[in-house]
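Before any questions on binding or motion, here is one chain by itself as structure tokens, the form predicted on its own.
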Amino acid sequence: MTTLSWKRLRRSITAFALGGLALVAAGTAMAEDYPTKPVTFVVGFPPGGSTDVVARILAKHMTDTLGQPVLVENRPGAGGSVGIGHVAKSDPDAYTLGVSGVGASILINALGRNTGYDFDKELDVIGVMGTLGLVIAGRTGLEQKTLPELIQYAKDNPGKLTYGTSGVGTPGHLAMAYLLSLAKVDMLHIPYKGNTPLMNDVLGGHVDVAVLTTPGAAEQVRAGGIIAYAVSSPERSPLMPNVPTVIEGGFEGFTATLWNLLVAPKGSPEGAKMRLSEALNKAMQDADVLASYAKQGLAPTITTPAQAQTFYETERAKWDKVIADAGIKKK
């Protein structure tokens, strides 16, 4: 190689290195400067629901960390997909973020329904905002008092037991379909239009088993209105510490949780996303946030954006398989 060529090569390497340093510096500056104005969490459900509660708990703490107001905007509709669709089409500046549940992130699309956005192509995952288990509960008249007893009865009496959920394709429906598939037993599914009529019917003895959200079921479990067989989370719920997990009931590796992801429009600045990730993880370690989570039956999570992306992909693969194995019709 000639002397001139070496000089050109050195200049190229130097220019490349300086360019890389400039990018790192820009990213660092962005992380330090961001945010310079209020940040909005878009929630695809009305105020007062579990997703809204999570968003407001975290927004309060992250406001202090970020030094700018973190506001919550409710855009309800279509199982949360209206709000997340708005985020997907927003400017990729990390100021309009979404709180995306399992439905808007995975299930609506997996069931063949149009969300109006492509989650993988239009959104970046920043972090997991906690998880919430479901409760497999039964009417008080059932003789079976444990999950193994319930499953054995279902094996001995195929199709005799009924189970209710808040609707076809909901997390509760898929969680129970997942369990029944692992247990190789059949129960008759009765879909309801929401948790309230479902709870009323299990309390009234009109359906044998119900899959309910943890906060909604805890009071009735304590009052003796329903039998709690198991929680679907990997650990016992702080709201019902005496209720075993499905894993403890003999189904190793079983988990089925509700969760929310903090998401940003695809292409949002890396420095801003890292700043948000750090603020989110800091909130998950705060004593007041942990106390608020415990009251809601929520489990905190600490994830990097890469780990959160892996979590999302693992959950998507699991629920795609459950839907296919259960033969749930896509609409």
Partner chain sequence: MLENVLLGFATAVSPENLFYCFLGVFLGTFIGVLPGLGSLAAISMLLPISFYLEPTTALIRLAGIFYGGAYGGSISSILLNLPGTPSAAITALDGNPMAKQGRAGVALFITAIASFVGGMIGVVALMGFGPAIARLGLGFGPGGYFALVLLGLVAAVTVGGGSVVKGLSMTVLGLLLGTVGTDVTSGEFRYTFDFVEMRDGLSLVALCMGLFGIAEVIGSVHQAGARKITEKVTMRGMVPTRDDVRRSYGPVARGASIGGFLGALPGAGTVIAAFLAYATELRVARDKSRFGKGAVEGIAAPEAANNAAAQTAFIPTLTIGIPGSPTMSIMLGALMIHGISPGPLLVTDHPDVFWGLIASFWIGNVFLLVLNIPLIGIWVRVLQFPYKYIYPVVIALICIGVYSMRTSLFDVGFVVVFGALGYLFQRTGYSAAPLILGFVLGPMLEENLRRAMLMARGDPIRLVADPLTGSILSLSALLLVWAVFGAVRRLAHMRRLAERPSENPAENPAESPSGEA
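Residue numbers count along the first chain shown, from 1. Since we're looking at a predicted model, the values are computed, not measured.
Just so it is clear, the following notes concern the form predicted together with the partner chain, a form of the same protein that is not shown.
With the partner left out here, the partner chain still marks one of 275-283, 49-57, 299-307, 260-268 in the model of the complex; by a 4.5 Å heavy atom cut-off that stretch is 49-57. Although the partner is absent here, L142 lies well away from the partner chain in the model of the complex, with no heavy atom inside 4.5 Å.
Contact check for A78: a heavy atom falls within 4.5 Å of the partner chain in the model of the complex. In the model of the complex, at least one heavy atom of T196 sits within 4.5 Å of a heavy atom of the partner chain.
Proximity of Y192 to the partner chain in the model of the complex falls within the 4.5 Å heavy atom cutoff.
A heavy atom within 4.5 Å of the partner chain in the model of the complex is found for one listed residue only; from V207, V128, A154, A88, this is V207. The single contact residue among E235, D93, E248, E73, judged by any heavy atom lying within 4.5 Å of the partner chain in the model of the complex, is E73. Contact annotation for 150-183: residues with any non-hydrogen atom within 4.5 angstroms of the partner chain in the model of the complex are G159, K160, L161, T162, V168, listed in sequence order.
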